[in-house]
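Just the one chain here, laid out as structure tokens, in the form predicted on its own.
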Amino acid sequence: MSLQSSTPEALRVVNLLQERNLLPPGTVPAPTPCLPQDIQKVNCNPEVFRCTLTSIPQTQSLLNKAKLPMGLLLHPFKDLSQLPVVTSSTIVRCRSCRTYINPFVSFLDQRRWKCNLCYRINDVPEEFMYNPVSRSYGEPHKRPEVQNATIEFIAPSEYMLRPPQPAVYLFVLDVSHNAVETGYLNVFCQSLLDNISALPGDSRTKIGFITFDSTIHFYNLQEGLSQPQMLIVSDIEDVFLPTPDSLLVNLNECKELVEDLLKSLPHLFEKTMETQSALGSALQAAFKLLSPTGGRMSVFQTHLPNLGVGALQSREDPNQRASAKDIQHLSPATDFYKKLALDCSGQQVAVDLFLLSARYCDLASLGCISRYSAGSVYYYPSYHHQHNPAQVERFQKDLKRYLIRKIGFEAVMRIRCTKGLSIHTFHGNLFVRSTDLLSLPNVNPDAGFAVQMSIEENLDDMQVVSFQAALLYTSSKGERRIRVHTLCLPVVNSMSDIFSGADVQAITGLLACMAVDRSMAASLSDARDAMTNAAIDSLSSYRQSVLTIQQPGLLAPACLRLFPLYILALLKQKAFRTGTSTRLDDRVFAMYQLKYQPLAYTMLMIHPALYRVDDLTDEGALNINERTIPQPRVLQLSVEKLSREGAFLMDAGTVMYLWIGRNCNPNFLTHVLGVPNYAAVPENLYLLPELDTVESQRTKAFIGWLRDQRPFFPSLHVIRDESQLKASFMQNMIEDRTESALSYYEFLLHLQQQISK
């Protein structure tokens, strides 16, 4: 079916060499699939589930011809303000392919429904005839399961392999001299003390602690002891658990002992001269402790592990940082951490890694412990309690969210799609247990996933196809739950319809995941070439197969007008840039983030948002919870857009920069920064002062609103022309030329040259 008539804007021809102001004033919206209104009304929210192509090609050869990647991006456990929850003894599923009943199935009559993935006809169970919401009988199509694309079931006992596990939290802390120097222990202990009552769980919740340097220290927290008892195991080659039953204890019963330990821990190691780190042995000990139950292991590490199993050597050559055409050592130096992660995954243990360090730590090796166990990695370069207060603030805020956000234990996720479609590559922190079953020992609300797809059999007779992600997990209260998301998209057979449904941000996010894999499997230069070719190939295909009138210039459909800009942004992103001095751990961390952050957050890390903020007004402002939030327009990332008279905020996802022009409006300096003139702007300012002025309120409201939209805490750096951080701010000016990278206009000329070959 042709959808041309209804979507002229997506296919409006844009000559990129002539139209410069392509950015919309605010965020780029996800395209709306061309579906009948009644279907689209109940479709899945794109923040949870979206496809790179909102119109699915009928055949693989059509997809190949379009040269656009096809895949799904998911944010399955996202915090939702509304989530229908169904308690029912029968969960209605297709007898053949096990798809959960959803809004896109069809009812042949009251008693029979047809699966939208495999087309089998199923019986409607008697219980499903009754609708608990309207309390009426005989209208199965009005049940919540058939009215909501996202729904959660409380699962009956057949969805359990064993009784649901309790919430179990084990903290593994580096206490070497280096760790004590950074001062992170005080922040960690204080944060856990402040939030200990808010840890998700119930009366069965367990907690435990291990600290390590060149030896491993356990803490006996058994009820009845007058104070915590430290037990040291110095034989790191053969770690054993000294008192297996009292190292992981019931939090409610032993809360006072746990609090005593947290108050004394920072002082226990104050004078330590231990410089060694037996991280590998500490992880093995922690694995032994958690294996019987499963749970979450939170590991805090401040330097390269250099003793016992899993010891690493520095692989970074600082002199090679900028000049090397290809970057070495993006892959792990040892398989120790991956193997241990897979053992953890098998026992329902996920490992989260907090790396707080000023020196090279080989994140490429250490990160495997989280990557394959479905954990997350947090990285605080140059962390120090006195010299880097902005990082301390970020660590505190991130840690609070980490401790109190919801968590799912012993989870698995399966993604199903209409027959004819197949899924072949998964991205994110996970382990693929069987072809389509993802093992997620823990699932958290901030994790994103992506999958690549292909078309195995022609979708000839189909108007639409559907995708369903089902996440089975144990809640922190010990309930087995299933969260199901279903997405429906139209099938098309013309190239113009495929292009008009292209979702440029989802395509960019999926290409970034593919490029990270390519960097590790082949080389960074291969990955960079592949990204550039993705832009060349898709625009060539558009030119040859969709454009009816050939005209000069670099032409793109309006829906892909930002594609070359996003590709250039990726080439200049920390993960993939060359010619700019980039620390190896910074680069690897940027790669990790591209792979597991949900799309909404990665887009800011790829293409930051720039706003002018010295002239904020209430015109067009949002009103949220009694607060007025100004809405300045997004500016192009070019020095041309800066003015010496202004102040500009750059939001790069995990960090924000407030750049102050040399002749900045004096009103802004006094009313927002609280300083009399430009020269008085302090170096290293990261907190805006509390001032009772309209300008201050507007600026703080806007920055606060931006921060509230993401689960991690971006630090703010106020910078002026002399600031050290000015270079980082300028590196994000993607449209400008640098010594080692093309400007946006030069990149467009390069693409045009390749396309017209």
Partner chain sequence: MILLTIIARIADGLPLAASVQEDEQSGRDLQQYQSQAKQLCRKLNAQSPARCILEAGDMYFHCLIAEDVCYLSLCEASFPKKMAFAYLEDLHTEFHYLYGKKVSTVTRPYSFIEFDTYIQKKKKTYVDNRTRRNLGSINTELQDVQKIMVANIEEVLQRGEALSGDGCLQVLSHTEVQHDAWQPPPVGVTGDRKHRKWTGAIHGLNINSHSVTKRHE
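Predicted, not measured: the structure shown is a model, and the values here were computed from it. Positions refer to the first chain, counted from 1.
The next section is about a form of this same protein that is not shown, the form predicted in complex with the partner chain.
Student: At 4.5 Å by heavy atoms, is each residue in Cys513, Leu616 and His671 next to the partner chain in the predicted bound form?
Tutor: No.
Student: Check Met160 for me: does it contact the partner chain in the predicted bound form (non-hydrogen atoms, 4.5 angstroms)?
Tutor: Within the cut-off, so yes.
Student: So in the predicted bound form, does any heavy atom of Thr293 sit within 4.5 Å of the partner chain?
Tutor: Yes, Thr293 is a contact residue.
Student: Would you please decide whether Leu472 lies within 4.5 angstroms of the partner chain in the predicted bound form, comparing each non-hydrogen atom pair?
Tutor: Although the partner chain is absent here, Leu472 would touch it in the predicted bound form, with heavy atoms inside 4.5 Å.
Student: In the predicted bound form, does His384 have a heavy atom within 4.5 Å of the partner chain?
Tutor: It does not: once the partner chain is placed as it appears in the predicted bound form, His384 has no heavy atom within 4.5 Å of it.
Student: Using heavy atoms only and a 4.5 Å cut-off, determine which of His424, Arg98, Arg112, Lys406 is in contact with the partner chain in the predicted bound form.
Tutor: Exactly one residue meets the criterion: Arg98.
Student: Exactly one residue in Arg528, Arg561, Lys288, Arg401 has a non-hydrogen atom within 4.5 Å of the partner chain in the predicted bound form; which is it?
Tutor: It is Lys288.
Student: With the partner removed from view, which of 127-135, 98-106, 550-558, 305-313 is the stretch that lies within 4.5 Å of the partner chain in the predicted bound form, judged by heavy atom distances?
Tutor: It is the stretch 98-106.
Student: Using a 4.5 Å cut-off on heavy atoms, what residues in 605-626 are near the partner chain in the predicted bound form?
Tutor: Heavy-atom contacts within 4.5 Å come from no residue here.
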